[in-house]
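The chain that follows stands alone, in the form predicted on its own, written as structure tokens.
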């Protein structure tokens, strides 16, 4: 994206390259090298122009190789919004009103897999890291959903990576929300029912200490699973309700969305709906 030149009273004025967003603001995405003094001049001129045009939020995306422009941007009133591996996003709110710029993503999404074979045995693991490291606790396979990955895809991947077991997603049985757990962010954790498609365990040695098929009664008998308010206690209740009482969870159904062209799903209890 090249610099923009506008004519103002027969005088040509250079602005930073920008595109309009859908909310009355502009987005600047710089790619080519630029000296700080040149950038400062363009930024001041651009902000003046955008202010006169009634623009609201101004976003500046700085790739990692333009780190020399961060200090200049901050001194002009911009603040950090979010950072990724290869860029930093800064933002400014022009109007003399309360900013309506949304905060950075506030949650991460985790999944846990209940995998049962036909012997009423649960697939469980012992981890080499995390809260359960070295405790001897057997727990269900868990992990974090990746960017652009659906819950039903992420949980299949995590089970495969940790245990080598192929599975088929059945439904979400429940979810838990907690706060201030990962750099001050919140956490959504989805408990998923899975159907095993293979049974020979091959552990991921980097993260998993051990894995096995364990009878439900033995998993449930662990002290931490006996605590009434523990997550594992509720997971075991959900598991038994699914097996013994025909408990119905939430299955994904495709929906269209104006926010993204990627596949979107709504999860709901189809059985009771019908």
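Positions refer to the first chain, counted from 1. Keep in mind that what you see is a predicted model, and the values were worked out from it rather than measured.
The same protein also exists as the form predicted together with a further copy of the same chain; that form is not shown, yet it is the one meant from here on.
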Requested in this report: Name the stretch, out of 116-124, 159-167, 172-180, 195-203, where some heavy atom lies within 4.5 Å of a further copy of the same chain in the predicted bound form.
Outcome: 172-180
Query - Touches a further copy of the same chain in the predicted bound form: residue 78 (any heavy atom, 4.5 Å) - result: yes
Query raised in the report: Looking at the partner-bound form in the predicted bound form, is residue 70 within 4.5 Å of a further copy of the same chain by any heavy atom?
Result: yes
Requested in this report: Please check if residue 50 has a heavy atom lying within 4.5 Å of any heavy atom of a further copy of the same chain in the predicted bound form.
Outcome: no
**Report entry** Any non-hydrogen atom of residue 266 within 4.5 angstroms of a further copy of the same chain in the predicted bound form
**Finding:** yes
Query raised in the report: Mind listing which residues of 135-171 have a heavy atom within 4.5 Å of a further copy of the same chain in the predicted bound form?
Result: 144, 145, 146, 147, 148, 149, 150, 151
